[in-house]
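One chain follows as structure tokens, the form predicted on its own.
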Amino acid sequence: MKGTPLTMVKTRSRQGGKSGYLLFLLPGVLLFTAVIIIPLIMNIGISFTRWQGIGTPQWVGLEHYERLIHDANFWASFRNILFIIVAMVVVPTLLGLFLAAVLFDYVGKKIGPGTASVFRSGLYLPQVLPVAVTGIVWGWFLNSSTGVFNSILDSIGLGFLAQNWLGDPKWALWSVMFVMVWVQLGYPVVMFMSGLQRVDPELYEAADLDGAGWWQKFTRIAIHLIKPEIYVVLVTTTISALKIFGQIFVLTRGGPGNSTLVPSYFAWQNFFEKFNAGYGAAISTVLTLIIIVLTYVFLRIQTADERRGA
């Protein structure tokens, strides 16, 4: 039995609406394909070849991936990236939760929201500064002979603690981690303060009636309700940590030795310093695969948690 004219009009209207949405999505899909999908496919293809960036690539199959397994620098880069993840994900997330709660619950309510906004903006400032600028400035601060840190230690009689912060393999990675905590901290603070604004004040009032303290309200109410923001911060900062390049390039160039070498810089070295594009592409492919898998795992965990909480 055929539908009535009104039903047919509604059906065509829905179909037309979907077509309209697809039309608006088309530029983004084309741009994503041109900028992400096609280069990714080309990179994967290059990883199976021996190529210096010019001339005709020579097919070598899985040779580069077999080489990765036995490459000490490759494994050192991933060992270092674990420390970078601590500095860019774990520490900023934990500190960000605490600072966001202090700014929102204490500074914003006791002193004023304007003061809280000033502190929030100050913490977020490193996120908007160019990577080259922050790297050069911190390079000056950490310089072994003219740096601010060593000068301060000398001035207070602790010159014996002065170190070659970026030139000593024992201290270089820790120094980079310190810089990355400073750079990354503002992002979770902004995200978590935004999430705290969504919390219904009546929940806090009910908790006060039950005799709950600040810490109990923070851990039992606030953290539970801003879980979406926490997941977003964990995913985005983990991806940023895995593909970190600029700060390493400006501060240490992966040295001394391989003490601050990370996968993205290791790939860049093979692409542009050693002219071994095939090997660099293999490193990039492995890194991309790890990022995709970790993102999928995070999203699955978030979805399962939201279903349990529904």
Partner chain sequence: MKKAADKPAKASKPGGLATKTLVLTGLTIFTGLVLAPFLVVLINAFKSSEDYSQGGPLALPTEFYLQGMIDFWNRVEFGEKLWNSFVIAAAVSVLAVIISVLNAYAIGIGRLRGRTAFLMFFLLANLLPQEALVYPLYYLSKQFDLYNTRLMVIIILTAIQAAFGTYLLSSVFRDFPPSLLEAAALDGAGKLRTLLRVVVPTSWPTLSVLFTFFFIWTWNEFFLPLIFLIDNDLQTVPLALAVLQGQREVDITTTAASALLGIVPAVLFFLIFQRTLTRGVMSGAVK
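Residue numbers count along the first chain shown, from 1. Since the structure is predicted, the reported quantities are computational estimates derived from the model, not experimental observations.
Heads up, the form predicted in complex with its partner chain isn't pictured, but that's what we're talking about next.
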So in the model of the complex, does S284 come within 4.5 Å of its partner chain, heavy atom to heavy atom? yes
Would you please decide whether W59 lies within 4.5 angstroms of its partner chain in the model of the complex, comparing each non-hydrogen atom pair? no
How about W138: is it within 4.5 Å of its partner chain in the model of the complex, going by heavy atoms? yes
In the model of the complex, does D208 have a heavy atom within 4.5 Å of its partner chain? yes
Which residue, L203, I223, V131, V86, is the contact with its partner chain in the model of the complex, using a 4.5 Å heavy atom cutoff? V131
Have a look at 228-236, 68-76, 86-94, 167-175 and name the one stretch with heavy atoms inside 4.5 Å of its partner chain in the model of the complex. 228-236
Please state whether every one of the three residues L31, I36 and L125 places a non-hydrogen atom within 4.5 angstroms of its partner chain in the model of the complex. yes
Which residues from 239-256 come close to its partner chain in the model of the complex, meaning a heavy atom within 4.5 Å? I239, K243, F245, G246, F249, V250
